[in-house]
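Just the one chain here, laid out as structure tokens, in the form predicted alone.
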């Protein structure tokens, strides 16, 4: 996990929440959707297949942990998970909570406008609740 540097766009568009064993967990600064981003703390990754089999399993495990944590914090109907990487090439994994009445349903969240940012007190509350879930 040496030499890991977070892409500046991920840093700019999200808030640090927690370091799981493999991934840094970040909250996307889009209040419209409960949206976590997992970034494996390994340098020079752009694709899931570049991870070892054990790391791939760990990514899936951490993704499931994040999905479960979001489900404890928000009333959600569906979890959307996966990696795209068309704009930011650094490997990052999205875990997005969806509701049938959310602003974009049933369309994808990518590119949705207008978005609203989280307020500082909301970020702090979400962070503390997520950390409590991860520490269980």
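Residue numbers count along the first chain shown, from 1. Quantities reported herein were computed from a predicted structural model and do not represent experimental measurements.
There is also a form predicted together with a further copy of the same chain; it is not shown, and the following applies to it.
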| said: When a further copy of the same chain is placed as it is in the model of the complex, are 7, 18 and 31 each within 4.5 Å of it, taking any non-hydrogen atom of the residue? | reply: no
Item to complete: Would you please decide whether residue 43 lies within 4.5 angstroms of a further copy of the same chain in the model of the complex, comparing each non-hydrogen atom pair?
Response: no
Contact test in the model of the complex: residue 26 vs a further copy of the same chain, heavy atoms, 4.5 Å | no
query = Does a further copy of the same chain come within 4.5 Å of any heavy atom of residue 77 in the model of the complex?
reply = yes
Proximity of residue 56 to a further copy of the same chain in the model of the complex, heavy atoms at 4.5 Å
yes
Looking in the model of the complex, the residues of 46-63 with a heavy atom no more than 4.5 Å from a further copy of the same chain, listed in order, are 46, 47, 48, 49, 56, 57, 59, 60, 61
